[in-house]
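Shown below, as structure tokens, is a lone chain in the form predicted alone; questions about how it binds or moves come after it.
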């Protein structure tokens, strides 16, 4: 049996006719830039996130960069970011002219809430929790810390479309000042290329972001502020509108598979799962494996693909090594050294899931 890591072809075959119809309609109308499809998707996505506004943009990194710039923080203000995340989160901070302050994560890869408080000083102005692997950071506590220290909050929701905060039972995306999404094709809600969005309840930020993504223009040829060119494509918006209707169903399937993995893989003290928090939408199902290279080779021999999310913690990237050379990020570095992601996608068949589990359990029993 050969397993796909994330079989998009099955997902897309399910909605192929709707997608083709919508794309053809958009092409026939000759509306390609910030027109009806983008406007409708923004309204539908903001409603889905229980937020007032959504602003489409070119990709997830741009969403983060635009969100940071819209806050008008002073140069070199400190921004707290978890040491285990995709590079885009930290690079957006640096490229916005702000100072990156890393803190470690917990055993599940989520930002360590106690370390947030320890890292705050008078120059700290922003905290960026990342809902990694589809899990939710405790936003109730993050908001309490931020209120105490007068910090802004940008949620990185790139892997948590449709997720809930377990502690307030509110949907992710409406709990900070701005939430940022990537619609990279492999995400729980993915486009047919790069795409992204920002979500907010703040009308002033909404207007700033809407202009900033279009070279500072709210009206064509009128540029009242500097900005960048990062617009959500009409065709991608049309595709995302169709997929959004399926997202809750697909997330429910991911959760079922994730919980089935947790209940049936023979974990032990050394070989464990990372993604174990309640209500995860399981964008990634990640394992900690002591003999990672041996495990990856074994799984490859069984025709089961694996991926590393992520093989370097942020402090281990060449560009940032020197800056953080005097600090240790124990959990982030352990995840970087030993984590392996296994296949999970909504239409995964039970026999495929059982096959993956049987091979992992065989490896555990022999090692």
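Values in this document were obtained by computation on a predicted structure and should not be read as measured data. Positions refer to the first chain, counted from 1.
From this point on, the text means the form predicted in complex with a small molecule, which you will not see here.
Interface residue among 91, 184, 206, 271, judged by heavy atoms within 4.5 Å of the small molecule in the model of the complex: 184.
Among the residues 280, 200, 159, 286, the one placing a heavy atom within 4.5 Å of the small molecule in the model of the complex is 159. With the small molecule omitted here, the record of contacts in the model of the complex names 53 to 61 of 328 to 336, 24 to 32, 312 to 320, 53 to 61, defined by a heavy atom within 4.5 Å. Relative to the small molecule in the model of the complex, residues 86, 130 and 195 are all within 4.5 Å by at least one heavy atom.
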